[in-house]
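Quick heads-up: it's one chain on its own, the form predicted on its own, in structure tokens.
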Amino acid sequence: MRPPDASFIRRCMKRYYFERFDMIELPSDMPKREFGFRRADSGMVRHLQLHDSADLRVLLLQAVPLEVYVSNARYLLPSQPIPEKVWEDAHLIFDIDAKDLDLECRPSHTVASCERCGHGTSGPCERCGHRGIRKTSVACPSCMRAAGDQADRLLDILADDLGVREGVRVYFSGNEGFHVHVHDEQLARLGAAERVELADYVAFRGMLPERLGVARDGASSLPRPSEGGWRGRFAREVLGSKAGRSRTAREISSGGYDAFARRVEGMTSGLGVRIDPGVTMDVHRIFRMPGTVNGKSGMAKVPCADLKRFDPYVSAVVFSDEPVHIRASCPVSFRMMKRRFGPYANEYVRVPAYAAAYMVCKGLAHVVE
């Protein structure tokens, strides 16, 4: 990030953290958590221990980090290197990102630009000659609806299959996805291996045909819609209504065990939840802290109680509407705070600080000095 851009983002961050510190959600057991941060002009700093809100406030206003992280794990010694922290447990977190959903709309709002000057280009930059290309996605309501549907599906599986209905909270990640936090003390004690199995389960990954009623000896007893778990979900979503159920059942089991296994494997993306399994299984990861700003967008990680009505490009916009002069190379239009911005073709424009920060963080604009 260019120095004038970094300075602008730091001013926005400092004002937000000074005026809206109450938006940050502090864990009740802060001294047991590992904290970390990243500034615009430096790498990651982690293995920090903060004892209370005063410690966090000092960090935010002095370091003015681009991003702030906190562990889902609780440790006896959180400021030590990982082998010496003495892990106690870690709350489950699931990550759903629109970029992982293979949506048809992605190419239409993915922008390739020069890493150095931001000029729109798909090869060596015509303006500065730099060869590094950065690809970034601009806001798309369809992507957010699809990611929200995945989060809804995950909530259903947690409730119906695992009985986890309390202590589950959904957050907009601050960019193009959702984080689902599960504050269940029994699940918090799961190790990495068990979390891999859980991630596979919610993703419908590695499902054996036997569990869905097709055996290697050719016998079949396909599940009914009234059953619980994946058997019932498979029956309702694949076998369909009662009228066509018998015919569909015969068709999908007629090819034998191996053919059925391949068909089930091909259903993974359609039936399962598209989570990032690496996030779920990692018991030492540090995550963006709720209420803090995502450095990839200039928007905040905020809770969303109603996924159907949630509009991140209103609810997660936290910077001011103070006008800022920028040079923008953003070939895709987007909406924030119910206003439309762009497209811009290397244009000098004046936009609200929140829109300027969004484009600057995505490398699609530079602040005019």
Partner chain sequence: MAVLGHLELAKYPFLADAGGYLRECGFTLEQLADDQDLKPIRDQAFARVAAAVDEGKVYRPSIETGSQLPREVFSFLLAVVLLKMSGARHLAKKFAMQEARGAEMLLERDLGRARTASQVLLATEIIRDLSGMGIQKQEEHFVVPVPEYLRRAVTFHAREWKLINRRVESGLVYLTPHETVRLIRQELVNYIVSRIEGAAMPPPVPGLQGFAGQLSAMEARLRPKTVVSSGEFAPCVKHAAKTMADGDNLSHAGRFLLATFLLARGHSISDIVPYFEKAPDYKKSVTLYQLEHLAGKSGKGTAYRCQSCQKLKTLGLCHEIPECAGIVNPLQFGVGR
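Numbering follows the first chain given and starts at 1. Quick caveat, the model's predicted, so the values are computed rather than measured.
The same protein also has a form predicted in complex with its partner chain, omitted here; what follows describes it.
The closest heavy atom approach of Pro124 to its partner chain in the predicted complex falls outside 4.5 Å. In the predicted complex, its partner chain lies within 4.5 Å of some heavy atom of Leu162. Among heavy atoms of His91, none comes within 4.5 Å of its partner chain in the predicted complex.
The shortest heavy atom separation between Asp200 and its partner chain in the predicted complex is within 4.5 Å. With the partner omitted here, the stretch from 125 to 133, 204 to 212, 286 to 294, 146 to 154 that lies within 4.5 Å of its partner chain by heavy atoms in the predicted complex is 204 to 212. In terms of contact with its partner chain in the predicted complex, the residue from Ala235, Leu271, Ala139, Leu190 that brings a heavy atom within 4.5 Å is Leu190. This chain appears without its partner; in the predicted complex, the one residue of Gly229, Gly167, Gly255, Gly278 with a heavy atom within 4.5 Å of its partner chain is Gly229.
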